[in-house]
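One chain is shown next in structure tokens, namely the form predicted on its own.
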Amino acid sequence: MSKKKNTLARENARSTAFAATVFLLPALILIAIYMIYPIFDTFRTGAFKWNGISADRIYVGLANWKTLLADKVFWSSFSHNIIVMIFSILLQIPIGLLLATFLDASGRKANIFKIIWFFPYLMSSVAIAFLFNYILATNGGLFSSIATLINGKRTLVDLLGKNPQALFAVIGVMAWQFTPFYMVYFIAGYSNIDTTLYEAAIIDGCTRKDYLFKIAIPLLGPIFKTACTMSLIGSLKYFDLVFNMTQGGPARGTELMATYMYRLSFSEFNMGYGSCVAAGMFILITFIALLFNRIFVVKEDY
């Protein structure tokens, strides 16, 4: 009897493994083609001197990597990415949590705010870049108009033409665009908290504030960690909004690793070194993400 049970269990396990393989194989093939292979090809291309067009490629070995290690523009771009990363986490996560808390406490009567506040995330980065180029314009922009109104005479506020104002202006626009995503993310986190916890807390004499800070927010610890990780990775590889707003200027004051890589590869036609920069980005982003997840430890079971 036990032999039959063991045979049946093995057959079931084989059947399950076969079904899992059949269903996962298409996804694994697509991941291998569109994610894993490009990573390896980027590292391989980084070992060549190549303009990205001609068939002639000159193998230079580690020469591009030696250039990268001494490249001041790359490390300056990396420092800008770090600034963007820090302020993205400090702005987007707390504001997203604040908005989500308000919406969760207000219930259905605040549904209109969900639509209004989520609208920036629905816009394309290119459209947002053009919109804020007009809003932040030195001549006729919103801030220049407000300053002129306050001072009673023509006053120009140049936020995109000076450093470091340009970088912080871009960071503010990023926060405006992506905070709604984290708002929805935290709303989903609140909805997963068992309502009986709130009822039990109220019965025990907790105020809404006590419940929020001592029960609800601590339970969102895993959500915080995931949100911070996504914000970190996204800010380290950000490209489109910055490129369309400032093209990395003025004087490379908003140059990020991705914009620098794009400029090298597709404007200067230095695909070999551009690929090396992309590979360097991959290594740095992976290292920082792993380090962050190692340091940022949250309690997941209560």
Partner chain sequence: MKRLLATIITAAMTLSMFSVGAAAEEAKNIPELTSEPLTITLWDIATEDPTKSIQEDAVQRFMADYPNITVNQVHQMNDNYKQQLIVAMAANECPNMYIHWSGGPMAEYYKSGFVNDLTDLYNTYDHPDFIDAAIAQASYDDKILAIPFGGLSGCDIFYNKVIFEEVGLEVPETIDELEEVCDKLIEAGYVPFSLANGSKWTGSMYYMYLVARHSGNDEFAAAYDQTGSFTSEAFIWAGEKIQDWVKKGYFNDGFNSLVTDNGEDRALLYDNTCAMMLHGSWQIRSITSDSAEWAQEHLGTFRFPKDAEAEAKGVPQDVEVGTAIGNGFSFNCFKEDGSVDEDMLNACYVLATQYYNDDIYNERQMKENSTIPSIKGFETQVEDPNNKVVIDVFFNASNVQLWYDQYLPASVTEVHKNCMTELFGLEKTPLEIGEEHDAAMKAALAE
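This one's a predicted model, so the numbers in the text were calculated from it and none came from an experiment. Positions refer to the first chain, counted from 1.
The protein also exists as the form predicted in complex with its partner chain; that form is not presented, and the subsequent description refers to it.
Among heavy atoms of Met271, some come within 4.5 Å of its partner chain in the predicted bound form. Although the partner is absent from this view, Ala251 contacts its partner chain in the predicted bound form, with a non-hydrogen atom inside 4.5 angstroms. Contact check for Leu156: a non-hydrogen atom falls within 4.5 Å of its partner chain in the predicted bound form. Using a 4.5 angstroms limit between non-hydrogen atoms, Ile53 touches its partner chain in the predicted bound form. Annotation: in the predicted bound form, residues Phe130, Asn139 and Phe266 each come within 4.5 Å of its partner chain through at least one heavy atom.
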